[in-house]
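Only one chain is shown below, in structure tokens, and it's the form predicted alone.
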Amino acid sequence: MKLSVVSRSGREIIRGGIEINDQATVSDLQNAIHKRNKKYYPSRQRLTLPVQPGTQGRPVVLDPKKSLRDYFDGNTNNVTVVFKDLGPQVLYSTLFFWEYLGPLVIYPIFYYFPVYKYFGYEGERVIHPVQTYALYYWCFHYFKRIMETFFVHRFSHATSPLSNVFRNCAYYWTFGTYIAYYVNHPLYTPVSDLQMKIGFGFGIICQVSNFYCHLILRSLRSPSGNGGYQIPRGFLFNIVTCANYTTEIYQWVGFNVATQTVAGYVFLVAATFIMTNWAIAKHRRLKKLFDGKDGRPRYPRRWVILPPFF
């Protein structure tokens, strides 16, 4: 089989094309491209079918696990695939590790070290119980996230653009610093003991629930990440499409009820906005895939993430 590999503008990426076995998979083609050009390792490649003139819609993305013959009928002596360079990639586990490591390391610095003297505060610092419990709660959360990254999550895509590492680290590390500064500040005024217990108690319940949600999602995919989209069922997934996001948001509600800072609520609003957008997109995708047609099940009526999003 002879394949021409071109860019979206029609420029030839691999001079002279590539000769490949008729039984080859898309993954074999990616490896052949990488062999010809070491810069383009497989996870950096996105291969699609050419869009025919006068047609609309998105191009068909070639699945690395499928055979090339699944995409090309009839004459396969000279076919064309469109190549897009996705840029430098990193493993998703690497991305998550670095974005969660920042808050885990930064927060204790404000608790244990006399950093506030560099901000002009010279008085004696009194540490309130709520500040100590907030440290434990915070560190438990991000340690849990890192452990889930390596031992629980199964990713449908192995890699993410390298640029996402800098973007995500900027988000998590900045908010981690912002919240740690105010919760551990020498002038911090604690809430009542009852409010603290209610907030942290509710938050811990949500953290445990969040972990259980991740175990349910893990069961939907094989260790290699295969499994496609499935309808999550059980526990809170019976009433909410993205129960993992719901429990994540509520555990930060608990943290903020217990600590009561503007910085914490700003982070809560930002996180809720981001996760709600992700949840709406996933909810729509599942409803489209499971539409009750051609023998497919119909997606049940559920909340997206939080009422009243349907």
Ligand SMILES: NC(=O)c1ccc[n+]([C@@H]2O[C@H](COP(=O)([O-])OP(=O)(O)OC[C@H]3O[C@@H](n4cnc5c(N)ncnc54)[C@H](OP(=O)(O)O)[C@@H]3O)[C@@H](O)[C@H]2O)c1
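Numbers for residues come from their place in the sequence shown, where the first is 1. Given the structure is predicted, the values throughout are model-derived calculations rather than measurements.
From this point on, the text means the form predicted together with the ligand, which you will not see here.
Overlaying the ligand from its position in the model of the complex leaves no ligand atom within 2.4 angstroms of any backbone or C-beta atom here, which marks the pocket as open. Although the partner is absent here, residue 286 sits close enough that one of its heavy atoms falls within 4.5 Å of the ligand in the model of the complex.
Looking at residue 173, you'd find every heavy atom of it more than 4.5 angstroms from the ligand in the model of the complex. The closest heavy atom approach of residue 271 to the ligand in the model of the complex falls within 4.5 Å.
In the model of the complex, at least one heavy atom of residue 244 sits within 4.5 Å of a heavy atom of the ligand. Taken together, the three residues 140, 177 and 255 lack any non-hydrogen atom within 4.5 angstroms of the ligand in the model of the complex. Only one segment in the set 121-129, 93-101, 190-198, 78-86 has residues whose heavy atoms sit within 4.5 Å of the ligand in the model of the complex; it is 93-101.
Interface residue among 263, 275, 47, 29 relative to the ligand in the model of the complex, by the heavy atom within 4.5 Å criterion: 275.
Checked against the ligand in the model of the complex, the residues 106, 217, 236, 135 give one hit for a heavy atom within 4.5 Å, which is 217. With contact defined as any non-hydrogen atom lying within 4.5 angstroms of the ligand in the model of the complex, the contacting residues in 151-176 are 153, 154, 155, 156, 157, 171, 172, given in sequence order.
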